[in-house]
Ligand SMILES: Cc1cc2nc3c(=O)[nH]c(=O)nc-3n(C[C@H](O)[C@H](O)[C@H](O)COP(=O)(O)OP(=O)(O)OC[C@H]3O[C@@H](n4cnc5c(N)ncnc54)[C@H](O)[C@@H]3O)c2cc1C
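The chain below stands alone, shown as structure tokens; this is the form predicted on its own.
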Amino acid sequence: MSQTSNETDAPLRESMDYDVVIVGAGPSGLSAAIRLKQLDPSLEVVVLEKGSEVGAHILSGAVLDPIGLDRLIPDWKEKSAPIKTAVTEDHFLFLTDKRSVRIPNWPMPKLMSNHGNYIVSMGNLCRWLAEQAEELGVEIFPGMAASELVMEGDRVAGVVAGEFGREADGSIGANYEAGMELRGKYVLLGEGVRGSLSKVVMEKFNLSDGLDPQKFGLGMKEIWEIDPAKHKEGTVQHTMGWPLGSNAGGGSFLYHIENNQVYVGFVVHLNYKNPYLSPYMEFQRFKHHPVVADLLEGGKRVAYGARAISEGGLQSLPKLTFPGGALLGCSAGMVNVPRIKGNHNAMLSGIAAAEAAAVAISEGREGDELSDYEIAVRDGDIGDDLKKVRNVKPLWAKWGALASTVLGGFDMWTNFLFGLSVFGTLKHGENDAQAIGEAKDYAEITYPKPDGILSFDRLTNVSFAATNHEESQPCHLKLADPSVPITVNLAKYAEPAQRYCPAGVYEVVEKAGVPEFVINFQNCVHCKTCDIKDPSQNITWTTPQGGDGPNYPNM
């Protein structure tokens, strides 16, 4: 252990050296840690997690394709992994405002089937994976937010983590702790969607040059305990159509997990144009559809959360390696959009990165690029998975839900049967921030008031995310120009941050007749939507101090 400082005016920090430093105790980071120790038990591996515990910031649907877990821990059943609910029924519905139409399963490509998959809590699965990692000797530090990179020349040599005690104005407080520099021969970033350090690395090393912009969705989820008479353990149901219609792409999921619980989720693609649209209120409205309302009647919501989803797929997958490290899983964007699955690819990416890093270290290398990892992802199961579905998202964006179901299904079939597409590889076009239109071109949307039974206001629901931020710290939502929300976004776009945030973080309030932009960062559930959808790209999401944010149970 030594004392170092990354900058001349930075506080003096202690430094710890490892073979591999992993940021993020999600499925990709934990898979990488476990695989490293499987390959070489002598490797020193550390995993940093910004949540108060492993799983506290994990939110996913989730129906898990076990391909990654089978490869990582083949005897996971014997080791009592928290995976109990096999998918038994698989339903697809198209909704109108009052009715539903069942879409038959038989015309769908085989890859869309959930046979052999499991409904899981990824939060609980990550907690279990952390136990497996620690048994192998991996060090896991929860509550340690990695806030900046440590550079040595042109390579990433580590991260700074565990800084606490700055005052609201950024100054050093009485109980300040400078944190530590955790240095590694390689640094693996498994932060999830729109990770703050991953974003810095992509910009610094131009990892997305020449590629389509990454596309995103906003996923919102509630856990409900329902009437046992209505519960059908193992049932998976997806819908599209109402209430979004032509306003936005997206859809819903209803997953019947054990203990009479149902995961109720709603996804809105963030390329929507109408600045008056509220993804959160669309979710609340959805639950009043007769199909959903009948299921939930007599039940109670027990948890809520939200998270952005990477949807760009193959066209937006950046270069995965940089000097000294690599991007894992959703930090790069490996979600299969029509399957609504990314956890399997996250785990596979962690395994592949670990294998490349272990070989490099065994050869006496460090700080270079893990080119074998890039090849393994693009030419292996992950690349194959994303290639088959690469046109579904652009088709949806151009033609809407119904047409994309037909055209996308046809395209997936030709890819599955013949390994080719009549469309080639379609482009995504503009990023999601550029997609939003000006308020003058759209009518304001009036949403029904939540009834407190099936639907809830944002602040009430946020209380079920158990989110907490130390209020004396600096706001982790940074404005490049504090005047922009009022002078630009309010004037041109009716300041959509008031509506796209699913946690009520942003408000425009009148003070003495003058509008003022207010950031209630204490409410933040770390979904990153503001960093993505702000039309002026004026908001940057950064990590608050470690341990802050949501405390999800079995999300």
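Start at 1 with the first residue shown and count on from there. Since the structure is predicted, the reported quantities are computational estimates derived from the model, not experimental observations.
A second form of this protein, the form predicted in complex with this ligand, is not displayed here; the remarks below concern that form.
This chain is drawn without this ligand; in the model of the complex, the residue among A157, L386, A303, M144 with a heavy atom within 4.5 Å of it is M144.
Here is the short version: of H289, H256, R307, K185, the single residue with a heavy atom within 4.5 Å of this ligand in the model of the complex is R307.
This ligand in the model of the complex is approached by L59, whose closest heavy atom lies within 4.5 angstroms of it. Within this chain, E191 lines the site of this ligand in the model of the complex, having a heavy atom no more than 4.5 Å away. In the model of the complex, this ligand sits within 4.5 Å of a heavy atom belonging to K341. Of the heavy atoms in L317, none are within 4.5 Å of this ligand in the model of the complex. In plain terms, the part of the chain that comes close to this ligand in the model of the complex, with a heavy atom within 4.5 Å, is 45-53 out of 510-518, 32-40, 45-53, 485-493. Residues of 20-35 that come within 4.5 Å of this ligand in the model of the complex, judged by any heavy atom, are V23, G24, A25, G26, P27, S28, G29 in sequence order.
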